[in-house]
Ligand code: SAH
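Below you will find one chain, with nothing else, as structure tokens; this is the form predicted on its own, and questions on how it binds or moves follow later.
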Amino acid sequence: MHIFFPSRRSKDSFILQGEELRHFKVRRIKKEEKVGIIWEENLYLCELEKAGNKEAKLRIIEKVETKKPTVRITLIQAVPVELRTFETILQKSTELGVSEVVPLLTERSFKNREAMGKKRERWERIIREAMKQSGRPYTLELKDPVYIEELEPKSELNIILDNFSNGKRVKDLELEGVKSVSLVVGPEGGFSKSEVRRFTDKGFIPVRLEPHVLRSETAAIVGAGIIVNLAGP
């Protein structure tokens, strides 16, 4: 099912305009064909009533029941040197149900805040497209980049993925019933020893993913996927 973001709601209908209308026309949606609409963190099943050059009107059929993770995951992700990799992480984090992503600046990460600021609009668009693809009606919050010194453990469980120290294994974590998790993932090459020490001094628990060393984007996706499926009731 194709999913869209409307410009506004009009009683029992939604109105598509602008860029979303262009995408709608590319899909060649026919009259009475069913589509999805994301509005105010809800997903609606709608059908096309009429479409013109400036707008399309979609009649609401019903609100669709959607699932939301019971655990709030904050992914604190060291920004990869190749920014396209960060885009993949944002896309997959949205699909997995991560609540927010905090770009982290480290010794081995990308550190140009100005360049990241110029990517902000593109990154927000990637999040929206991932919401449409996955049928996720609630947004992923993208925070401003921070350094380790600016971070404090704010979740019920605060984890740093580090395969180079003698950390806990994932299966040893008590995830059942946990309501919030902060997950720190390093850059290519991992964190330096002093960076790991700064995190552990703050109360972050080192955890290793087995059996091999993973790429930064793989670790982020696997880590978030495990947590969202094992935590909560």
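Source: prediction; values computed, not measured. Start at 1 with the first residue shown and count on from there.
Just so you know, the form predicted together with this ligand exists too; it's not on screen, but the next bit is about it.
Proximity of D12, F14 and W39 to this ligand in the predicted complex is absent: no residue of the three has a non-hydrogen atom within 4.5 angstroms.
Of the residues Q91, T85, N158, N163, just one reaches this ligand in the predicted complex with a heavy atom at 4.5 Å or closer; this is N163. This ligand is not shown here, but in the predicted complex it comes within 4.5 Å of a heavy atom of G189. Residue contact with this ligand in the predicted complex: C46 places no heavy atom within 4.5 Å of it. When this ligand is considered in the predicted complex, A56 lies well away from it, no heavy atom lying within 4.5 Å.
Taking non-hydrogen atoms only, V207 approaches this ligand to within 4.5 angstroms in the predicted complex. Comparing 64-72, 172-180, 31-39, 189-197 against this ligand in the predicted complex, the single stretch with non-hydrogen atoms within 4.5 angstroms of it is 189-197.
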